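Consider the single chain below, provided in structure tokens and representing the form predicted alone.
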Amino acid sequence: MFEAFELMVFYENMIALNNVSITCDEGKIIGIFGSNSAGKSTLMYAVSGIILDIKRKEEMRGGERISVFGRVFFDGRDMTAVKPHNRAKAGIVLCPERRRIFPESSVLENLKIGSYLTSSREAKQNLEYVLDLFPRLKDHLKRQGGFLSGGEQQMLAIGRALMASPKVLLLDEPLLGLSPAYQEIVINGTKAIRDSKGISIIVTEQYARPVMPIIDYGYILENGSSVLMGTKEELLDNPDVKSAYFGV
């Protein structure tokens, strides 16, 4: 089980995340929905530990003062002070917003970069799984990542995260900028990852409609705060959610 309690993040005196708590049981898909600047990416940085690296770098260069509060637990272990690479080693792996692939490296090289924490045998098994999950990548293994389409880059980014053998996969706005056809591929792939591997998945999105059918539980963020939560049925029955995130 993955749990985050009362997370708060301040950038200088601006609050970006305000007392947010989430829970993700093993093998479940959790949706985090909210508009731009609602706090979705900050939440992903906080649970993955990347916010600690950002905070340290800002302190080193005398930049923006970042304050982080709250607790993060995974399988009963307190991860609050654990560095991001050790969280990844424990199984908490982030696939970041806007993909962040290495554009000058080949598809295969990008995937191999994701396997640096695993054994060679595990890396081979993970590579086979990724290419079965996203067979389109098989045709582009030697191609530079920067020459892929946006949808193919998103598959590559998710594949790279899977190469790290995650137990909790964090997908930050994986549908951003994708065509409906590629959105469907990514959504079906996300569900397949959970169904075939039992991996817990936390996915953020601005628009709930494409993601809602596959989630088990969801949270709505507004201005850094969690304002609503419930099962997908409960959220779909809420007229405010329908109006704000489904346009009906």
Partner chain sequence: MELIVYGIINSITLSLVSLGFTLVYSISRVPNFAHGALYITSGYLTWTFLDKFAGFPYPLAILAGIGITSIVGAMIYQFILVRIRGMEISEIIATYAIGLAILEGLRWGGLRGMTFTLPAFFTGSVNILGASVDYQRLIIVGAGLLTFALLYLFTRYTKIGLAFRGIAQDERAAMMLGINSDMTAVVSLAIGSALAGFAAILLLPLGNIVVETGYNVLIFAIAVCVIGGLGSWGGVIVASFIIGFAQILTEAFISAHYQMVVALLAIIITLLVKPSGIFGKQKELEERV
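Positions refer to the first chain, counted from 1. Note that the structure is a prediction, hence the values are computed from the model and not measured.
Beyond what is shown, the protein has a form predicted together with its partner chain; the following relates to that form.
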| property | result |
| --- | --- |
| Listed residue that, although its partner chain is not shown, lies within 4.5 Å of it in the predicted complex (heavy atoms), from 71, 138, 100, 124 | 100 |
| Contact assignment for its partner chain in the predicted complex, among 195, 53, 64, 222, heavy atom within 4.5 Å | 53 |
| Within 4.5 Å of its partner chain in the predicted complex, all of 134, 155 and 208 (non-hydrogen atom) | no |
| Distance check, residue 113 to its partner chain in the predicted complex, heavy atom within 4.5 Å | yes |
| Exercise: residue 177 in contact with its partner chain in the predicted complex, heavy atom 4.5 Å | no |
| Non-hydrogen atom contact residue 96 with its partner chain in the predicted complex at 4.5 angstroms | yes |
| Interface membership of residue 117, its partner chain in the predicted complex, 4.5 Å heavy atom rule | yes |
| Per-stretch contact check against its partner chain in the predicted complex, the hit in 56-64, 182-190, 196-204, 34-42 (non-hydrogen atom, 4.5 angstroms) | 56-64 |
